[in-house]
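Two versions of one and the same chain are coming, encoded as structure tokens; call them structure 1 and structure 2.
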Structure 1
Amino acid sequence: MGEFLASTWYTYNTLLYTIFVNGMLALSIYLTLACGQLSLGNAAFMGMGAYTAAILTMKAGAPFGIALIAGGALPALVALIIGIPTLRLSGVYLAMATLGFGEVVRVAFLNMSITGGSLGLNGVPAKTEFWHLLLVMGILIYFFVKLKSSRFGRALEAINEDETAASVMGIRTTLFKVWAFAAGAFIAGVAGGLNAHFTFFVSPREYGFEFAVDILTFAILGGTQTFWGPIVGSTILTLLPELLRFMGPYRLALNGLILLFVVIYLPNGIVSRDTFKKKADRG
């Protein structure tokens, strides 16, 4: 029995780690979606966190905890700086602005010697343990549970419902949106640091447009009416390629059909407020 459990863990531990990291990324974009903002910069923030944490542990010998905090703090600071001008935009214009920012970051990674250029960073020390992921995810879930009933959470909900009305009511909409943007960047940066220290490798190719869309898909599939939705969506999309492995080259097609089905028949995502209302009514 012990050998079976050890073998199973050895086979699937990377998948389990990835589920937790993708869940964090889904929560990072949920914060901006929660106030009605469509951002595609979270992959770039993850990359910044991954490189920052990896460089600190590899070249400066920093403790892992300090490296993770720095990996979250740098993208959060950058988000504060770029958020003030960009978050005055909305809809597709904000998406284009943050996508452009992501491409600038990716090109910078490709051309900086400290990041290893196009080769990336190899030999990142194996620092991430499963309890790290459990601890960070536990803290995030506690944060989002408390957020719902906080002044900050109510302000984000009001902005999402009607930004003009929220502004008339005295809510400083740009300020709240910038702080939500920065908090999401911090979460994405920490997720990047954790990811770098269990994959042992950081490459600029991992943080481009395709992955930015993947992070958005996590949230859209699960639903953005509650923070549980992005977690469910990211878990499903991380597991699907493994569960459909037996289909060989056809698994990507079926993956796409499943997504299409959800978008058409569950426009609010798999998890929505209606889901919780129905459960409450049955109870």
Structure 2
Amino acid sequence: MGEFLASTWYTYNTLLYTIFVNGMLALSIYLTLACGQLSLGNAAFMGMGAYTAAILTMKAGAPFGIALIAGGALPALVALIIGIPTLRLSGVYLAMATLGFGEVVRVAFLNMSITGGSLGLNGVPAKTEFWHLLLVMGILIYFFVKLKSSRFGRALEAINEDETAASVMGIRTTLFKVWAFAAGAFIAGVAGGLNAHFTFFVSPREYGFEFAVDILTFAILGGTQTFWGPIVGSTILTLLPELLRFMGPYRLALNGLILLFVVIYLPNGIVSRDTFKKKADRG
């Protein structure tokens, strides 16, 4: 029995780790979706975090914790720089700017020498333990639970419902949107750092537009009314490819269909506010 458990762990621990990392990424995009904004740059932020953390542990010998925090801080800083001009405007400007930004970051990863060019970084030390993932996820869940009833959380909700009305009520909409975007970038960066230290390599091809769409699909499928939605969505979609390996190159097509189907027929996602209400009523 013990042997069976050990072998199962060896086979599936990477999958389990990936579920946690994808959950964090889904939460990172949820923060911007929660205030009615779409960020298509979270894959790029994850890549920046992965490279930063890996370079720090590999070349500077930095402690893992410091490397992770730096891996979150750099994308957050970049998010502030992109967010301040684009989030002054309501609507779709952030989506369009982050779409272009993701492409620039990909090209930069491919051409810089410190990121190892097209080869990426190999031999990243194995630093990520399972409890690291549990700890980060725990902190995030605590943060999101607290967020719901905080001034910040309510402001985001008001902006999402009606940005004009929110600003008329005296909410500094730009400030809150920029903070949400930068905090999301921080989370994505930390997730990238954690990911690099259990997959042992960072490749410039992993953080492009396709992965940004994957992250979006996690959140949309799960639902963006509560933070549980993105976690559920990412878990399902991380397990799904394992079951759908036979689809090969058409796997992405399925992703597209899921996105389309959910937006049209299940606009609140799998986990909506009602899911909790019904349970509360029954109880």
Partner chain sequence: MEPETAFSAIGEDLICIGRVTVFLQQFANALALGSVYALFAIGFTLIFGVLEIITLAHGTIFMVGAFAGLLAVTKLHLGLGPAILTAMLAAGTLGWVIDLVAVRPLRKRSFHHLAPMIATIGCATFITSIAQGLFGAEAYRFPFDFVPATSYTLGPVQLTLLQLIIIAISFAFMVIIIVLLHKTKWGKAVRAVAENRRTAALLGIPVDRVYQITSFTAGALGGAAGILTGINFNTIHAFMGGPMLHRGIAVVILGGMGDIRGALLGGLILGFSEIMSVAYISSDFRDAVSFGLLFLILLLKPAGIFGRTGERKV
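When a residue number appears, read it as a position in the sequence of structure 1, where counting begins at 1. Model, not experiment: these values are computed from the prediction. Just so we're on the same page, rigid core means the largest C-alpha set that superposes within 1.5 Å between forms.
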Displayed copy of the chain that is the form predicted in complex with its partner chain: 2
Core-aligned CA displacement of V262 at least 2 Å between the two structures: yes
